[in-house]
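One chain comes next, on its own, written as structure tokens: the form predicted alone.
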């Protein structure tokens, strides 16, 4: 086994996913402990240009038509071949639909340890969130290749970016002719609704809003602030807001100047989509809510006790 830290670079329709840069920053911390290098792993087809901003010591690039877009079969076979051939100290994946598809299956097939929901590396320890961040667990790298899924919150994407293109080394993908699943096309969301990923101010609502009727309060607050209302998954699952307004792992990634989180606990799946906001203000009755761990400012308060005096003050300012 070598001492290097491998990172699976996620990309979609010609763009590197932000989680890839976050993983590269985490890998740098881990590599300092192992005295190895940070190796980005890029799977794609005619995708060499995606490497130009990656802060890696070098890139292992597997070029194959079957890797042009993500499919679980093709990625699992290619990454498995790479691990078996090189035996890195650790292999980092995003705690995303892509990363989960690959890391979980490889852990079972190759009998490798898997550490999930890692948010930070501290003194060589893998720090993971459990129960939505209410419990933090420390893990060490195993004596064999350790698979790790990374969640946002501990590093900024800029820390994993570089203006210098890393060296690219080719890797021959294994036979990918008998794949069970292939990508036919992307189904784009219907146009017409606001693009929350472009908004400067967001008022985000979670379970604490209690009923659909109370969304009007959030919309009134958003109107005063020149903001847009978005939500965590439970609100969208109830059908109270369209999926285009959902922030998180299954929804949109946003980076507004102000993110006002109302009644949102801060589960990793939600944090993944908003951790890079410039300022996060959280309002929650639970003092142990994990949203407070990443908030710039936090208010331990019932939203319904806060909203009326807040709207009155905004009216006076206006």
Partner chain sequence: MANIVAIVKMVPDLVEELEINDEGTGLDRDWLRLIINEFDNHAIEQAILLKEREGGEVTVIAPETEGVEDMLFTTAAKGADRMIKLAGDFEEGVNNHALAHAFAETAKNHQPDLILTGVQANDDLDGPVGPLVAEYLGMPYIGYISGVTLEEGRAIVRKEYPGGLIGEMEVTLPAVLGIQAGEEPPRYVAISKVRQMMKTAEIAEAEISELDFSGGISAKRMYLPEAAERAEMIEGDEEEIAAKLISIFKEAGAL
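Everything numeric in this text was worked out from a predicted model, so none of it was measured. In this text, the rigid core denotes the largest set of C-alpha atoms whose superposition between the two forms falls within 1.5 Å. Residue numbers count along the first chain shown, from 1.
The protein also exists as the form predicted together with the partner chain; that form is not presented, and the subsequent description refers to it.
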Can you pick the one in 172, 165, 195, 97 that has a heavy atom within 4.5 Å of the partner chain in the predicted bound form? 97
Of the residues 251, 263, 256, 40, which one places a heavy atom within 4.5 Å of the partner chain in the predicted bound form? 251
Does the partner chain come within 4.5 Å of a heavy atom in each of 34, 48 and 57 in the predicted bound form? no
Of 285 to 293, 25 to 33, 57 to 65, 40 to 48, which is the one stretch near the partner chain in the predicted bound form, taking non-hydrogen atoms within 4.5 angstroms as near? 285 to 293
Classify residue 182 as contacting or not contacting the partner chain in the predicted bound form by the rule of any non-hydrogen atom within 4.5 angstroms, answering yes or no. yes
Residue 313: touches the partner chain in the predicted bound form, heavy atom cutoff 4.5 angstroms: yes
Mark residue 154 yes when one of its heavy atoms lies within 4.5 Å of a heavy atom of the partner chain in the predicted bound form, and no otherwise. no
Can you check whether residue 234 is within 4.5 Å of the partner chain in the predicted bound form, heavy atom basis? yes
Between 276 to 305 and the partner chain in the predicted bound form, list the residues on our side with a heavy atom within 4.5 Å. 279, 281, 286, 287, 288, 292, 293, 295, 296, 297, 298, 299, 300, 301, 305
Core-aligned, does residue 63 move its Cα 2 Å or more between the shown form and the other one? no
Taking the rigid core as reference, does residue 253 move its C-alpha 2 Å or further between the shown form and the other one? yes
Against the rigid core, is the Cα displacement of residue 49 between the shown form and the other one at least 2 Å? no
